[in-house]
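Same chain, two versions here, written out as structure tokens and called structure 1 and structure 2.
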Structure 1
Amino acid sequence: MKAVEVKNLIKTYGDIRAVDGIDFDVNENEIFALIGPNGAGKSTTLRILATILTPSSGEAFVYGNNVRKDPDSVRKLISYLPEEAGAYKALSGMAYLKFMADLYTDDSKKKTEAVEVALRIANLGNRIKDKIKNYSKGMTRKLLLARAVMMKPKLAILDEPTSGLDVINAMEIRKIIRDLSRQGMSVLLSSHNMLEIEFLSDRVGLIHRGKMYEIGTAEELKKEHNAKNLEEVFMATAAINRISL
């Protein structure tokens, strides 16, 4: 069974088509990235799959569950980390994780296990006892990612997970995501950083102005367009399809 299936998905806002008839799928245990410039429709697509937005038409499934018809079943299988996510800054990192575990489950054993998972992923050492308001952006993002996957969802939906981070913190986040995939979690993420995603994802979908133009592994796409990297792939695709950048 596919982790994600998207068929002719459309999302409109008045006369604007934020998502314009895209098709793609995500395999189990795969890291699939939607890449493209800001405003391409990446976040809208992720929000539909996270059941936050309702599609205007088309279909989307998460492990066979229709996001429009059965959103409750979808929510039991996923976690979602938006780009603009924040944490309660007055709490310590530890208190925040325990608070979130309380929201996820009433089972005390599952709560303990979830916090232990999050602690390993965040890997903040003694700083986990500090208040979040004293964390760097990188530390906060690692804490938020740990919170997002602490219940071991079948699918993690991550919107720009390394946005605004320095190279070291971005590399740490990428390693965490890769490790999660190796442990059996499917990952769907978005990014405008094509060079970064080239080294992280199993496959990528190149999206711009709501349309999907290319899908494949980085190596496949580079070979097809005789390109050195995914940025060159995007430029070549733009030229072929006469996309206005």
Structure 2
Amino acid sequence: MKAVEVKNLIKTYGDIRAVDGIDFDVNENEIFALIGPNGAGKSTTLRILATILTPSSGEAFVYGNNVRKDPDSVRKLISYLPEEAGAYKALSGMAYLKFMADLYTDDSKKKTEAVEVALRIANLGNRIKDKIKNYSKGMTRKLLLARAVMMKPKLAILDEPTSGLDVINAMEIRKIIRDLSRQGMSVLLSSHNMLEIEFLSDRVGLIHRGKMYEIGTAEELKKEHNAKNLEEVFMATAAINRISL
């Protein structure tokens, strides 16, 4: 079964066609990355799959569940890390993790496990007991990322997961995402970091102005465009489709 199936998905805001008829699949245990310039429609696509937005037309499925008709079933399978996310400032990092774990499960053993996983990933040491309002941007991001994967969801939807993190922390997080995916978690992410995408993703979708231009593995795309790296692919695609980036 596919982790994600997207069929002719369209999302409009008034006259703006944020997503303009895209199709793609994400296989089970796969890491699929959406790349594309600012305003391409990456976040909009992820939000639809996270049941935050409703599609204007077309269909999207998560493990066979229709996001429009059966969002409750979808929410049980996914966890979503928004692009710009925050946490409850009055809580400590620890309290936040416990609170979020409580929302996913009533099983106290699973909860403790999840919080332990998150503590390891967030790696905030003693600061985990600090109020979140005293965290730096990167610390908050690590906490949120840890929260997003701690329940080991069937599908993690991560919108620019490592944005705002330093090189070392970003590398650390990428390894964790890859390990979790090998343990059976499918991942759909977006990123502007081509290194990250080459390191992490099994397949890449290149999206611009709401349309999907290319889908394939990083290797396939590089070969096809005769490019040394994904950045060159990105530029080449732009040239072929005469799109201004």
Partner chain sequence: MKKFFILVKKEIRELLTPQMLIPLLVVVLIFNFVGKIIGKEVKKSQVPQPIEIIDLDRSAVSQSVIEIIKKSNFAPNVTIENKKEEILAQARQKKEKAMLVIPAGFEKGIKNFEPQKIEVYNIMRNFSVTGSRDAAILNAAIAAINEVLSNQLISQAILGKDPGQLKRPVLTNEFVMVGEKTANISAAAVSGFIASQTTFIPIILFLIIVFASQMIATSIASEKENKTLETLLSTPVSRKFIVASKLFAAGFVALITAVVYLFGMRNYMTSMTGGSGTNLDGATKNAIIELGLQFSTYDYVLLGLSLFFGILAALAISFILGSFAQDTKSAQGVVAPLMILILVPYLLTMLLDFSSLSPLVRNLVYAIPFSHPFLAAPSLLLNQYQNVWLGIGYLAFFFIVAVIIASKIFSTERIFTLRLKFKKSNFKIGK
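Throughout, residue numbering runs from 1 along the sequence of structure 1. So that the term is clear: the rigid core is the largest set of C-alpha atoms that superpose within 1.5 Å between two forms. On a predicted model such as this, the values are computed, not experimentally measured, just so you know.
Structures 1 and 2, same chain in two forms; the form predicted in complex with its partner chain is found in structure 2. Each of 24, 174, 152, 181 except one sits more than 12 positions from any hinge; the exception, lying at the hinge between rigid parts between structures 1 and 2, is 152. Two rigid parts move between structures 1 and 2, and the turn of the smaller against the larger, rounded to whole degrees, is 14°. In the core-aligned comparison between structures 1 and 2, the Cα atom of residue 134 sits 4.2 Å away from its counterpart.
Structural comparison between structures 1 and 2 after rigid-core fitting shows the C-alpha of residue 105 displaced 2.7 Å.
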